[in-house]
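Starting off, we have a lone chain in the form predicted alone, written out as structure tokens.
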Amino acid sequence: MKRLVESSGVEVAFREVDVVTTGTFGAMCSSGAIINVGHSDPPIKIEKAWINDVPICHPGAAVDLYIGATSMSERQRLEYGGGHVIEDLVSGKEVELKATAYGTDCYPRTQVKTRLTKDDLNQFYLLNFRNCYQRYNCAVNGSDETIYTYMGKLLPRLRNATFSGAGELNPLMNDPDYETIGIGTRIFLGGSQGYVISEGTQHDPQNSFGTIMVRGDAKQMSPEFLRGASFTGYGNTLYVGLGIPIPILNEGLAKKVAIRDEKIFTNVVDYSVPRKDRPKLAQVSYKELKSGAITVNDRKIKVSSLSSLKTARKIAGTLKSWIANGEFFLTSPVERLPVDSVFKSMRQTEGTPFVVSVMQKPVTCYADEDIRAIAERIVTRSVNHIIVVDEDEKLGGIVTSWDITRAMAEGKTALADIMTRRVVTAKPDEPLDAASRRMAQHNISALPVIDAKRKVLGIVTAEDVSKLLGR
């Protein structure tokens, strides 16, 4: 369709084409499934439940359960979760259900343990609160250490970038004003047919971050288009295949579905900053993203996709064949999706402590100073950490009271021989929780606080954190 518009024009394309199919296949954490397991004998009013050791939410009556894609196994944690449970059920595998209850006169049973397949369930519906993002940020990491995120593994100092989405093949990008997509629209979902039931959570159409809420009968779905996944160091999710047919009702739609990747832009965002308003370093097109490299501040960065464009194309092609063979019928939405929604952040009634609120004035030294002088400074200033800086006050290393004690016991006199050069740091505007977690991860008790040019601004210690939490 895009080539047809480019070669023959919008009017010709409008006359010749009735429907354009779209597709996307990527990780969507806001996915899950509703199941009804039926009543046991004697009956149980489930209070807590687990499937394959994954905690399952109990949102309704006695035996209605919701499997969240990001729930983690209590035994395998980051390696197996709710997304994998959904895939196992869709694949026809047997899963183990355990449940407990407090017992009532009409539901006397207090525990149950059994094995189930999807054929044993009364209902098994995929229900995704948010899916099919119109576009997504490109993620990088500007810090000095590797971080693990829902955008995958990000190497330090902008050494790689990741992105998600199908770009010009994405359903919402081809009908950005939702002329044909709304409540009741029949769609390809997980290898079967499903429906749009609402705008998705965090729907933000004014910034081209539209989403949709969808449901479908998971008993009819295929593991080819519904896959549980684990992101290293982050957790579990579910890859969901979704496609939407767009009937070409007017020339305006014919023009919209002709959009190309070079016209679709997104922000390159630094995910090392654990804040809502992360720094935006550049804007890039999906054409650049799909090329394998982007340029940020005159620097070329390798980029990889978290989505499968190959599977997205297969979804669009499968949907086309269903329509052509009379196996899939298009539906008019009973209500259009909102185009003026505003995505709001959480209202917070309690302040969040940041590193800047607890950091102390640093005690510093230079790399050519004598160890005995550093030892005297530790005693007179009553500190356990001395930050090594250069003449511009930029971070060069760190030395602790333990380092000094060991050096003096071993007869060493050069600071350069004992200081730690690869220093784990903090930024003044990051939440104290993040700094505390970093100290625990690296088994250290202090973090030098630096700015973007590595100039030392202060130091935050485990003692500072403990005092604040104690208050």
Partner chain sequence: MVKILIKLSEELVAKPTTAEIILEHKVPINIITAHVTSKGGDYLVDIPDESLETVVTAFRKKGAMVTLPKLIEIDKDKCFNCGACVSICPVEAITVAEDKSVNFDQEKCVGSTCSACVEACPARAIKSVKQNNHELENNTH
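In this text, all values refer to a predicted model and were calculated from it rather than measured experimentally. Numbering follows the first chain given and starts at 1.
One more form of this protein exists, namely the form predicted together with its partner chain; it is left out here, but the text below deals with it.
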### Query
So which of Phe354, Phe129, Tyr239, Tyr178 reaches within 4.5 angstroms of its partner chain in the predicted bound form, heavy atom to heavy atom?
Tyr239
### Task
Would you kindly say which of Val363, Ile323, Ile183, Leu309 lies with a heavy atom within 4.5 Å of its partner chain in the predicted bound form?
Leu309
#### Entry: Contact flag, Val383 vs its partner chain in the predicted bound form, heavy atom cut 4.5 Å
no
### Query
Is the gap between Ile378 and its partner chain in the predicted bound form 4.5 Å or less for some heavy atom pair?
no
### 4.5 Å heavy atom contact, Lys290 to its partner chain in the predicted bound form
yes
### Message
Using a 4.5 angstroms cut-off on non-hydrogen atoms, would Leu155 count as touching its partner chain in the predicted bound form?
### Response
yes
#### Entry: Check all three, Tyr148, Ala161 and Val303, heavy atom within 4.5 Å of its partner chain in the predicted bound form
yes
### Location of its partner chain contact in the predicted bound form, chosen stretch of 355-363, 185-193, 202-210, 229-237 [non-hydrogen atom, 4.5 Å]
229-237
### Summary
Within 12-34, the residues having any heavy atom within 4.5 Å of its partner chain in the predicted bound form are Phe25
